[in-house]
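First comes one chain, alone, set out as structure tokens in the form predicted alone.
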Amino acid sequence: MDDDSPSTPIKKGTSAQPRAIFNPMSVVGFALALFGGLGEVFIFLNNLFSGISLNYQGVVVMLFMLVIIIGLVLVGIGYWLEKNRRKSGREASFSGETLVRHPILALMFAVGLTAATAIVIGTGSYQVYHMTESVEFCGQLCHSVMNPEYTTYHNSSHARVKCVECHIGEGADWFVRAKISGMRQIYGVLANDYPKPIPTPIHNLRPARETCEKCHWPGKFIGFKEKILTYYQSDEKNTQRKLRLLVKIGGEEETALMKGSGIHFHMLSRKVEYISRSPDRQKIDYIKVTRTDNSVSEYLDTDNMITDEEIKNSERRIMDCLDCHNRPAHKFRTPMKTVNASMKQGLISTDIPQIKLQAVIALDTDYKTTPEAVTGIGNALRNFYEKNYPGFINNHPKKWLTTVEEIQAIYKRSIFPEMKAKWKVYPDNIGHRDWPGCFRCHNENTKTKEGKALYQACNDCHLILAQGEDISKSNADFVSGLPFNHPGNDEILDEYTDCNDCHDGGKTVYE
């Protein structure tokens, strides 16, 4: 019988080659390699016969290849360990005689081991994958850092959309990029090395056409959309006013009334490229517009001229959804807006004199921590009303308690002092009241070299139908609408008035 037979004892110093299958590590390695190989075959057959690609197929293929490589490495290590074991005169790790004499039993053993390995690895990988794709993983693993984004996300219109659907999307390429970026972020949290607040915008975010447009279709005909804004003045009676707007969203199939106008006209009838030298993109320095007839216009900020050399060497961004809808799931709403909304819903009583003004002032105050803010808001409101309206709190205890608790709740869901995160550092580019928004491009200083301003008429995007306390009737036409009457003094403002010169969403407008 051959000296390498498993039934023949191996003497010390023999040069016989051991059978790798007779080492436990080699057995595990064979099982892993077989599992990875079967996975690759499955993907190949799936593509060959079904024509349907699996989600993140590239990632799965790479994982199977990694499993095969690990398995083969383990086989080599097991072979080396068994060889040294036999050279030292010790018995084999286990006898392979039964497996050699009974190949069917050996095959059943290999298949069983492979199946067990597949179940363990597959189940674990599946659970880990889905855990890392969950909203809770994104928002709660690094709770102190991501708490502002996690909280505002749950109060957004995208609360049922998973984080990964917007931040990663489909495909292996962006999946791998996101996981690599995630590892850097986890290190930053562990090392306590991260900025406060987290800076935006995300400059390496996936293009909106590959994420947003999976659900939203900017070319679909939308046309007009009526919008009614309810707000309260800062007088003693908290006088309610409303603004009834007709917003021209537009679409590819424009009506005669909307020909050449509409907000989505930016995306569908032209290509807009721009350069912003500011990291937050709140100042636009250069704009290039290419129309469907191939005509081109270039606009420059005449207040802060960009040089030809800078235009040549600077990164150009192609305008997409996120240049206007830049806070789709993480809106840090202003005190002015949140207080108005709570008053409209009856959560803040309009019977409390000056409550609109005092609530905004209390919210727009600097606090170091959230608990300090909750206490400070309660004390500030109580001190004001005890001094200026003595007896009011005692006469209306339930109304008072409900109102104060709601103002404190507003703070907790929109302002996060520990991360220095609030509306002032996270501009919302939809509109133009509290931030430049539309006026970043559409202003009297952005002009062509020939001096033609980019500014367009406001009624290209929206019309005022009615304003004031009663908006049930309107005498506005659908071409020019009504002029805007500023609350308080009914002053008519012209189209070149920058609202954010006075408004910042907080108490500044009252000072």
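Start at 1 and count along the sequence shown; that's the residue number. Bear in mind that the values here come from a model prediction, so they are computed numbers and not experimental data.
Heads up, the form predicted in complex with a small molecule isn't pictured, but that's what we're talking about next.
For a residue to qualify, one of its non-hydrogen atoms must sit within 4.5 Å of the small molecule in the predicted bound form; none of K344, A380 and K412 qualifies.
The single contact residue among L72, L229, L81, I311, judged by any heavy atom lying within 4.5 Å of the small molecule in the predicted bound form, is L229. Here is the short version: of Y150, Y385, F416, W400, the single residue with a heavy atom within 4.5 Å of the small molecule in the predicted bound form is Y150. In the predicted bound form, the small molecule sits beyond 4.5 Å of every heavy atom of L300. The closest heavy atom approach of T370 to the small molecule in the predicted bound form falls outside 4.5 Å. Of the heavy atoms in C499, some are within 4.5 Å of the small molecule in the predicted bound form. In the predicted bound form, E40 stays away from the small molecule, with no heavy atom inside 4.5 Å. Exactly one of the stretches 372-380, 262-270, 391-399, 81-89 approaches the small molecule in the predicted bound form with heavy atoms within 4.5 Å, and it is 262-270.
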